[in-house]
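Okay, so here's just one chain, in structure tokens, the form predicted alone.
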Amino acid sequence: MEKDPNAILLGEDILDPYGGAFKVTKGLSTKFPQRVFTTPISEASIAGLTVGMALRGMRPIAEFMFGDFITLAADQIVNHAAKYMGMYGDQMKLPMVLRTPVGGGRGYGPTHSQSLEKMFLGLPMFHILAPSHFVHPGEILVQAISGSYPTLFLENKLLYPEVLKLEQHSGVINRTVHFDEHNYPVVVLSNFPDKRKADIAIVAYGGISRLLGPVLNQLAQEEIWITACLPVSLSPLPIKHIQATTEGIKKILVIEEASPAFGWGSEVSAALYDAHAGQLDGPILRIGAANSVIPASKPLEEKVIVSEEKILSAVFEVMAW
């Protein structure tokens, strides 16, 4: 916002002193009072305003208080934001970003804890980003705002206090970063120091990263060697980079935050089967949240969402094939 006077911020309860439900925008309305707007409780209106501002040459950033509420803006996203660039070709760009917190783990219950990205995957000319805490989310957000495509920017609630705590994963965790066709990071982690081939490849994204550090450290003690691939872009899917990362690895586990049926993991698995046909030891295992509502009760919620224990169990299941 300091660098571009066309950057506009809008959303519910984002003005100081509140600064949004998760305090991400705190201080901005004080610093940029003419370019930060609080809105009525209407996600459809917020999305419509955002599309209109982008059409007029501004760079709007909208905040939806919870990712669950994005369903209320589906018409503006699917029939407007995702279509205008294709309808008018090179005559226009649509630089707009819809930010929203997603995921469970906070006891917020069935309508404030979902990961609904599967509802918008695959829309032409519409980007969906889900940074992990192995990258700098602020830098990726700036890149998205500076780009030309309408973008859904997913922020896992449990990553807010974890941002850039990369030092806690030092030791056996190695990290390299590649960049996809749109210059978004694809992080590759491993829990072995040499050039040997991993026993299992894990493909995941977003908030799953919070669990992978401890899991990879524990598996290293068991001498189970893991390569993990964490793309930031969910759609379009940087499948060539994922295929390259998993090349030659005979066991694959795909993890997503949402329930795995008809979702991101299905697309990743199908693409990896196409690329690695004949070299795998068995089927690609997919895990995610249970096909259920997400309870507010912490013990019940833990049974539904992905956990370290569920990932470890899946790894041992794949190793037994």
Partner chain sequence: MLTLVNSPSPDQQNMARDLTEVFYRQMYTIRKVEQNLLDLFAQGYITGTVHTSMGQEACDVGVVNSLDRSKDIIFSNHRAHGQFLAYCDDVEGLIGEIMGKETGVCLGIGGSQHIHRENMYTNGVQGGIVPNAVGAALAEKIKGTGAITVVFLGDGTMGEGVVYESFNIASLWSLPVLFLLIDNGIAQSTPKHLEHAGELETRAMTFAIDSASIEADDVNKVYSTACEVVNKVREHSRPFFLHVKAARLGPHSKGDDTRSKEEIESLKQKDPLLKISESLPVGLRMEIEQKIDVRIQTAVEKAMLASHPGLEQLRRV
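Numbering follows the first chain given and starts at 1. Since the structure is predicted, the reported quantities are computational estimates derived from the model, not experimental observations.
As for the form predicted together with its partner chain, it is not shown, yet the points below apply to it.
- Note on the interface: of 122 to 130, 217 to 225, 138 to 146, 104 to 112, the segment with non-hydrogen atoms within 4.5 angstroms of its partner chain in the predicted complex is 122 to 130.
- Interface membership of residue 194, defined by any non-hydrogen atom within 4.5 Å of its partner chain in the predicted complex, is ruled out.
- Proximity of residue 161 to its partner chain in the predicted complex: non-hydrogen atoms within 4.5 Å are absent; the residue sits far from the partner.
- Though the partner is left out of this view, residue 33 does not reach within 4.5 Å of its partner chain in the predicted complex, counting heavy atoms only.
- The shortest heavy atom separation between residue 211 and its partner chain in the predicted complex exceeds 4.5 Å.
- When its partner chain is considered in the predicted complex, only one residue from 51, 70, 258, 285 comes within 4.5 Å through any heavy atom, namely 51.
- Contact annotation for 16 to 42: residues with any non-hydrogen atom within 4.5 angstroms of its partner chain in the predicted complex are 37, 38, 39, 40, 42, listed in sequence order.
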